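Presented as structure tokens, the chain that follows is alone, the form predicted on its own.
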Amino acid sequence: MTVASSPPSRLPVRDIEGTQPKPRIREKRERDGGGRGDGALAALFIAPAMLGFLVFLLWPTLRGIYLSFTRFNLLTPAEWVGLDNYVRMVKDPIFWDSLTVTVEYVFINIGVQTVSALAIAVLLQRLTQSAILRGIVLTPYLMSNVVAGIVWLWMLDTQLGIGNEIIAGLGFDRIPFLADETWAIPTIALINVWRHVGYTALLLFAGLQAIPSDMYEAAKVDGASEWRMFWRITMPLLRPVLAVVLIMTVIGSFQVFDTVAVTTAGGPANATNVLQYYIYGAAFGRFQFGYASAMSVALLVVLSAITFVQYRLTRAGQTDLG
């Protein structure tokens, strides 16, 4: 029985000789065509977000910068006044007082919230993986700032609030949490910490999940304690996520408004008159939109500078994972 051998394929030879370019050209054209199709599809998906960015962010920002150089009260056309609004802002003691109050609020909020969120995230990662606990931690964040402010306003009422009832029951004097100049800003900061700490903790928890578990196992084999693993493994590898969280929290803290509006309305004696609330009062209370725009531009510059410094110092765009 004779087995006929199959003739060798000529395709490789034709490839080598350059006589088979058509399939490759066709493939390249298909790839190019596919790329154009993907680009058009990507543009279609990006278009709504880009439209929102142009209409609700870029245009109001440019309009606000223009109004900061004008005198404008909605009833008459804007009148160009040059740098007058900025000169007034520099000489305005209430503006500087509001900025000081805002910075105090930011320091308390950032310090307490970051440390608490980091502790919660580490405990969630090292002790349990329960989705129910993660849901419980996130629960306060599901409540709006206005509702949270009203609830805490009732709970901390000097005469009728359950918080002061407990304090009085323990034999201590009642504390006017939101009616005293010393207590007001720390109380508002802690209300916001209570609402946002769960969300921040889950962001950090997601960052912790990206750290390889074999690093902890190797450290345990070497006899490292939990405290040592926290400082030698967790903190260095969590740094990029922690940096982003800090940047987001600082920006959000400088924009605090609704909690102040429903609890103290800037009082007592301007003790909680944060910068956002002062800008709101100048614009919609006294119809000084030009001056309010100048203060808003100043706040934008301050936040941009702080964010840039934070980004560089914390190396937020770099990771230590090899």
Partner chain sequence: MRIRTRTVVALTGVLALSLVTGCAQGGAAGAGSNTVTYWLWDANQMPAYQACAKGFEKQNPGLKVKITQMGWADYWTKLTASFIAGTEPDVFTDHIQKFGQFADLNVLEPLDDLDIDDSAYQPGLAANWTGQDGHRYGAPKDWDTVALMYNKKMVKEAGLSAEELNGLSWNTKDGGTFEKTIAHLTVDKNGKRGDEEGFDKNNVKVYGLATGGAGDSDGQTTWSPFTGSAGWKYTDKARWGSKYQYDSKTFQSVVDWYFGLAKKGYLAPFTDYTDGANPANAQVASGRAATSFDGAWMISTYYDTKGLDVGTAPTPTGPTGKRATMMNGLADSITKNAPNKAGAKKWVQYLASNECQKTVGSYGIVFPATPDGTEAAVAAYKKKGIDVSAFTEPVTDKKDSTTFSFPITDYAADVYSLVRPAMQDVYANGAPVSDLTKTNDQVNFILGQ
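Keep in mind that what you see is a predicted model, and the values were worked out from it rather than measured. Positions refer to the first chain, counted from 1.
What comes next is about the form predicted together with its partner chain, which does not appear here.
> Tell me which of 180 to 188, 104 to 112, 218 to 226, 124 to 132 has residues with heavy atoms within 4.5 angstroms of its partner chain in the predicted bound form?
Looking at the other structure, the answer is 180 to 188.
> With heavy atoms only and a cut-off of 4.5 Å, decide whether S213 touches its partner chain in the predicted bound form.
Flag for S213 set to no.
> Please determine whether R63 contacts its partner chain in the predicted bound form, using a 4.5 Å cut-off between heavy atoms.
Because no heavy atom of R63 falls inside 4.5 Å of its partner chain in the predicted bound form, the answer is no.
> Is Q288 close enough to its partner chain in the predicted bound form to count, meaning some heavy atom within 4.5 Å?
Yes, Q288 sits close enough to its partner chain in the predicted bound form that at least one of its heavy atoms falls within 4.5 Å.
> Decide whether Y280 counts as a contact residue for its partner chain in the predicted bound form under a heavy atom distance cut-off of 4.5 Å.
Yes, Y280 sits close enough to its partner chain in the predicted bound form that at least one of its heavy atoms falls within 4.5 Å.
> Of the options A119, V151, I166, I94, which one has a non-hydrogen atom that comes within 4.5 Å of its partner chain in the predicted bound form?
Here the answer is residue option I94.
> Of the options T100, N73, Q209, S144, which one has a non-hydrogen atom that comes within 4.5 Å of its partner chain in the predicted bound form?
So the residue touching its partner chain in the predicted bound form, by this definition, is N73.
> Do any residues of 144 to 160 have a non-hydrogen atom within 4.5 angstroms of its partner chain in the predicted bound form? If so, which ones, in sequence order?
The stretch 144 to 160, when checked against its partner chain in the predicted bound form, contributes L153, W154, D157, T158, Q159, L160 at the 4.5 Å heavy-atom cut-off.
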